[in-house]
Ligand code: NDP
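Presented below, as structure tokens, is a lone chain in the form predicted alone.
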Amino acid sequence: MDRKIAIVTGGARGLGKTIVGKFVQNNIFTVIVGRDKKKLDETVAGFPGMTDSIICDLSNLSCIPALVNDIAKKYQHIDILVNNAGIHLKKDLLEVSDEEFQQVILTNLTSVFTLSREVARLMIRQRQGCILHISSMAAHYGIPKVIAYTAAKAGIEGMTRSMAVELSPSGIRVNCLAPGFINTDMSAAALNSDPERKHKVLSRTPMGRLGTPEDVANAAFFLVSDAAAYITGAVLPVDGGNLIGF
């Protein structure tokens, strides 16, 4: 009961997995929610005794209340929720179908609302908790070919502020991270194959480098820790200054 319990969605790979590692290092038991059993099993095996996993497709909204109830029943409390799971779609605006747009919104925005609502019910009873959303620079820039993703992430940031106003009086802080260009396998491959774009990215980043997954995980841990006890409704860029660079 003394140990904090966290839920991290999409925590079996990429930035989510690095956030899980940071939480575990700080004695936060973490329940990882995802769709890929193999990846989930590998991640849990890498953090023995400090993680658990649940297979769930969060775009199936009807399964979310039972998911939260099962976690709460097993661990008695939920202290932290990190909404990291999401999908991407890179496609010309005129080529995006209604179905594709709706699927991205469902996975990246609607499911975040539903999961946060259900976890908030428990946190209100506890009179404490932290909810952390993961946004993107796409919510701040005009980036071509990511219309659905941009709409979802902009919604996440608006939802962060609205949720913070409603939930903070009940002891629940709600914040958001907006990562910039982070040196993951996917982004590194994309930028290394496009030297002109990589130069553009680095030239407008005052710190002159890509971020690391650890940079994002450190910021995530800060926002859910007691060190951020008076921070709520914030959207924190983790981008080396890219947002303000010219």
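The numbering used is simple: start at 1 and walk along the sequence shown. These numbers come from a predicted model, not from an experiment.
Not pictured, yet referred to below: the form predicted together with this ligand.
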Exercise for the section: Indicate whether Ala85 is a 4.5 Å heavy atom neighbour of this ligand in the model of the complex. Expected result: yes
Handout entry: 4.5 Å heavy atom contact, Lys153 to this ligand in the model of the complex
Key = yes
Problem - Partner contact for Thr160 in the model of the complex: this ligand, 4.5 angstroms, heavy atom - result: no
Exercise for the section: Answer with yes or no whether Leu115 is in contact with this ligand in the model of the complex, where contact means some heavy atom within 4.5 Å. Expected result: no
Handout entry: Position in contact with this ligand when the complex is considered in the model of the complex, options Met207, Ala45, Ala66, Met186, heavy atoms within 4.5 Å
Key = Met186
Practice task
Among 166-174, 71-79, 93-101, 129-137, mark the stretch whose residues have heavy atoms within 4.5 Å of this ligand in the model of the complex.
Solution key: 129-137
Problem - Heavy atom distance at most 4.5 Å to this ligand in the model of the complex, all of Asn192, Lys198 and Gly240 - result: no
Problem - Contacts with this ligand in the model of the complex - residues in 95-129 whose heavy atoms fall within 4.5 Å - result: Thr107
